[in-house]
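Single chain ahead, written as structure tokens, the form predicted on its own.
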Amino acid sequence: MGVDGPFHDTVLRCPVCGASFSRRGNSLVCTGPKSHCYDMARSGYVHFAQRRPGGDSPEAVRARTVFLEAGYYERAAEELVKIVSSFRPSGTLLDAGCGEGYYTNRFARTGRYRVFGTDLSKPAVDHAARAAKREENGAFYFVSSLFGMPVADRSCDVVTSVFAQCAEGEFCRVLKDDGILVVAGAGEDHLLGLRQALYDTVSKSGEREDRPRAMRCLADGKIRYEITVRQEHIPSLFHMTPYYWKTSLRDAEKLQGLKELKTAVEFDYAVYGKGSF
């Protein structure tokens, strides 16, 4: 951890002046004239955000971790790795909006990618970095906005966006000319069983407004299967979804008596090339 020298100099850039970095002990110091310095946290991540951190709270991160580590989305994660690998079997991969690193660390475990993960939530990035450190998988995490990432132009072979905002212009900036963007999010039937348990009337999900418009769609599809959520994991599932913040106390109480919850898991995914950018 204390080795000096160049550090990811082909990927990371100083968010203030755009210069590359060198490692000095546990700090990253940019090579620009003002030597902007960023300390590495004990878990290994770096805080690059130029404004106050936001994103998921510690409670939301813990809920998502409990649910994901129980294996309910493992099949979907494996399928996403296969999809990315079929287009780019190796290279530099940036997971934009990585959250607690569940999918990011999956890519790192393959040993085929140089993996970076970023999110605006400091608790989520800290958790992701701790997991990467335990696994020694080589993934590097940093806190930043998706709409101004401290990443060099045309430095990434793959950008992934899994249940996160899609910043098309910024993603295209950091992608190589032959790079790909993989976007995955909730399909129409995703967690339908949870919605049916909560609400008397369940409406269909609308088309996401931030999907790429100018990039070329190379492939798309669904990852769909059924799960049975055990009683002890139902509160964590509820807490990690947007429904937690939108549901009345009366409706939320409907989950308390459930012994299990059967529901569909449905990820919509699409693979994009840079197109006209």
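Note that the coordinates shown come from a computational prediction; the quantities given were computed from them, not determined experimentally. When you see a residue number, it is the position in the sequence shown, counting from 1.
What comes next is about the form predicted together with a small molecule, which is not displayed.
S.K.: Which among 151-159, 191-199, 97-105, 127-135 is in contact with the small molecule in the predicted complex, heavy atoms within 4.5 angstroms?
M.R.: The contacting stretch is 97-105.
S.K.: Heavy atom within 4.5 Å of the small molecule in the predicted complex: which of L120, C166, A77, V182?
M.R.: The residue from L120, C166, A77, V182 that makes the contact is L120.
S.K.: Among G55, G32, G44, P235, which has any heavy atom within 4.5 Å of the small molecule in the predicted complex?
M.R.: Only one option qualifies, and that one is G55.
S.K.: Does any part of M215 reach within 4.5 Å of the small molecule in the predicted complex? Heavy atoms only, please.
M.R.: No, M215 is distant from the partner.
S.K.: How about A63 - does it come within 4.5 Å of the small molecule in the predicted complex, if we only consider non-hydrogen atoms?
M.R.: No.
S.K.: In the predicted complex, is there a heavy atom of the small molecule that lies within 4.5 Å of any heavy atom of L146, even though the partner is absent here?
M.R.: Contact check for L146: yes, within 4.5 Å of the small molecule in the predicted complex.
S.K.: Mark L28 yes when one of its heavy atoms lies within 4.5 Å of a heavy atom of the small molecule in the predicted complex, and no otherwise.
M.R.: So L28 does not count as contacting the small molecule.
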